[in-house]
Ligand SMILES: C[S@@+](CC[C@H](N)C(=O)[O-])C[C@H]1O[C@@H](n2cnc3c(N)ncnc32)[C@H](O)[C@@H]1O
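Below, in C-alpha cells: the form predicted alone, a single chain.
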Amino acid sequence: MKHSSTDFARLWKYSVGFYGVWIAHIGRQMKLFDQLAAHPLSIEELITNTKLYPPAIRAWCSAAQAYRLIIARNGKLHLKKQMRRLLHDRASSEYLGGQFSYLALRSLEYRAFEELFKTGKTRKTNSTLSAVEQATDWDHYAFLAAAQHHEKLDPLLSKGCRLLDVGCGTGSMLAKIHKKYPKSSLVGVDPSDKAVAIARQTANGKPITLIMMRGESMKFADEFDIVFLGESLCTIKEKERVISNCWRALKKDGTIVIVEGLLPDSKFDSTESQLIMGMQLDFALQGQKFMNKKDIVVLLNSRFSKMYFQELGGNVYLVTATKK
C-alpha cells in the first residue's frame, strides 16, 4: 500500500503540473506577468490595464495564486523577485518561462500522435516556430554567458570575427550575439522561408546577413572563424554532409560550436533527465531524435580536434572543436 500510495502521489503531481504549464504560459502570452513585474496591481486594475475578458482574468489570478506563481498582499497581486527571474527575465540563468510556453504550444499539436503511432506520419518543424523560439531563449543566454568565459570564443567575438549560424531559425540568437558582440560579422542560413522572413524582421536593420539555404547545400569555403549550430543539428537528416560543409566553411583553426540537448548516459530518473526523455516523443512527432555525446564525437572526430563538452544545465551542452 505504501508503494501504491507513493505512485498515486507522483502521478497526481503530473496532472497538476499540466495545469501549471498552461497557467504559466497564459501569464506570459497575455502579458499578465509583464504587468505585475512593473508594479503590484489589484485584479480590477489588471483587468483595466489589459482590457481582457474579466472572468478569464479572475480565473487566472486565482489559479496563479494557488500555484504560487503570484501572491496577494494588501489587496494587490505581486510577482515576487524569484518568480520574475523564473518566468519573466529572459536573461536570467534560472529562466523557465520559455520552456512552459514551448510545452503549451507544442501540446496543441499532440492530437497528431495517434497518426504518428499508426502510420508514422510526422509534422514539419515549421508549424512549431513560435514554440521553438519560446524554448530557446534560455539556451541562447546560457551560451552567451558561457562564451564570455571561453578562452577562444570571447576574444574572437569581442575583437570582431566572422560567424555563420547554421539553422538560424527566426534569428533571435544572431540578434543577441550582435548586441553583445557588435564588432563581429554575422551570417545566418535556414531552409525555412517563413523562419528567414521572421529573422529579417528580427534583424531590423542590424548588419546581419540572412540566407534561405539548407545546411546540406552550403558552398562557403574558408570564410568563417566560427560556425554555430544552435539546437539545429538534431533536426538535420544528413548530419555528416552538413558537418563537412561546416568544416569547409571554416578558416584554418576555425571553431565549430554546437549547442544541443543531449540524452543522458544514465540516471534517467532525475528531473532533468525525465524532461529530455519525455521530449523524445515530441521530437519523434517532428521526425527527429536527440543525440548523445558519442554521436557528437563520431560526427566531429574525423575533421575536428580539441573537442570540449560543457554542460549548460538541463542536459544542454556547449560543444566546441577546432578544424584540423
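The structure presented is a predicted model; accordingly, all values stated were derived computationally and were not measured. Position 1 is the first residue in the sequence shown; the rest follow in order.
We do not show the form predicted together with the named molecule, though everything after this point is about it.
> Among the candidate residues Ser184, Thr202, Asn245, Thr235, which is the single one with a non-hydrogen atom no more than 4.5 Å from the named molecule in the model of the complex?
Here the answer is residue option Thr235.
> Here the chain is shown alone; which of Leu79, Val166, Leu87, Ala249 has a heavy atom within 4.5 Å of the named molecule in the model of the complex?
By the 4.5 Å heavy-atom cutoff, the listed residue in contact is Val166.
> Sort through 103-111, 202-210, 189-197, 87-95 and report the only stretch with a non-hydrogen atom within 4.5 Å of the named molecule in the model of the complex.
Selected range: 189-197.
> Looking at the partner-bound form in the model of the complex, is Gln99 within 4.5 Å of the named molecule by any heavy atom?
Answer no; every heavy atom of Gln99 is more than 4.5 Å from the named molecule in the model of the complex.
> Is Glu231 close enough to the named molecule in the model of the complex to count, meaning some heavy atom within 4.5 Å?
Because a heavy atom of Glu231 falls inside 4.5 Å of the named molecule in the model of the complex, the answer is yes.
> Quick check on His140: any heavy atom within 4.5 Å of the named molecule in the model of the complex?
The answer is yes: His140 has a heavy atom within 4.5 Å of the named molecule.
> Is there any non-hydrogen atom of Leu157 lying within 4.5 Å of the named molecule in the model of the complex?
Leu157: no contact with the named molecule in the model of the complex.
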